[in-house]
Ligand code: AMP
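Next up: a single chain in structure tokens, the form predicted alone.
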Amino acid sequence: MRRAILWLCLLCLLLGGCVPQKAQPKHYTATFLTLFDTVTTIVGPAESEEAFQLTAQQIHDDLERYHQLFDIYKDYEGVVNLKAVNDSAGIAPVKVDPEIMQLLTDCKTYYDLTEGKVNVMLGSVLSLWHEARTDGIRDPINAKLPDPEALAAAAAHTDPDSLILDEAASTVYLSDPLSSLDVGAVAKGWACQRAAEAAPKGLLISVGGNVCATGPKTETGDPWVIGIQNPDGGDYLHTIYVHGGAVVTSGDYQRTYTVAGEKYHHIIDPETRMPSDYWRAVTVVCPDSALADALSTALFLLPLGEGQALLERCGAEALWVAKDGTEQMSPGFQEILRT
């Protein structure tokens, strides 16, 4: 009897050891091409492809709403967006949705934090560069830079104090009739952050390279592996481990055009009104995608020492790639480096 009980116990142990571990849900991918004029990719686990597509579509719909609200070029039926605010500059306050009010409130904070390097009131200057770049891409032979005198005149209408927010009335007013908003330095990161906060855990959301992880890749805590683009193209410059938070890169290889054999990018220094020449690329890692977006722009416009000081104040990490290809990393960035 005792032997029978012993064999029974042994059998239970053996069977218990053979119980399969819970399988990790399969990962799926969804891609959208109509948001923020870039490629949006969503990756994550789900019990079925149908379930994942429902989740991905909800994230798409959230991002689409932000895309329309923050657009400064197009009107959308039933939507009061930033184009409407710009169109009413110097005329009257515009009643806006809470998302616009919060975005612009945050942008005022980023302006102070970066000592003016991230200024959403730079629209009058950026519009001249946008026009020159569009014309130059359309007609490369006759491509030219914006007129310096026109840039100087436009810069006189970038005062952040002309952006008047009335939270009680939920209105935005540009008191300078020649001023305009351009939230390109923050909008994608801000929208990605809000979408990530509303999404299930364990997803990866990439909006044109603004990457948000809503948690680890697996239920057991495995990290995501994020590739850092090489400014010269080809294979990734590095890969890093991320369990959550945001990874955002600003680089001189994005939105470029060529004038007289020289390439010009879209990241404009508010002081010089010209593309910054410090770095080829700056990648920022921090918990909040909106802040990461603002920081990647600011660090791109700053020399290393000033950028490091700003980074430390914000508790973020960064990788800088210089014009000659040399790299600088914050200590925390080195710790998450995979390759």
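The structure displayed is predicted, hence computed values, not measured ones. In this text, residue numbers run from 1 along the sequence as written.
This next part talks about the form predicted together with the ligand, which is not shown.
Contact check for residue 122: a non-hydrogen atom falls within 4.5 Å of the ligand in the model of the complex.
A residue is said to contact a partner when one of its heavy atoms sits within 4.5 Å of a partner heavy atom; residue 208 fails this definition for the ligand in the model of the complex, lying far away.
Among heavy atoms of residue 88, none comes within 4.5 Å of the ligand in the model of the complex.
In the model of the complex, at least one heavy atom of residue 184 sits within 4.5 Å of a heavy atom of the ligand.
Put simply, of 94, 267, 199, 240 only one has a heavy atom within 4.5 Å of the ligand in the model of the complex, and it is 267. Stretch 250-258 is the contacting one of 191-199, 94-102, 250-258, 151-159, since its residues have non-hydrogen atoms within 4.5 Å of the ligand in the model of the complex.
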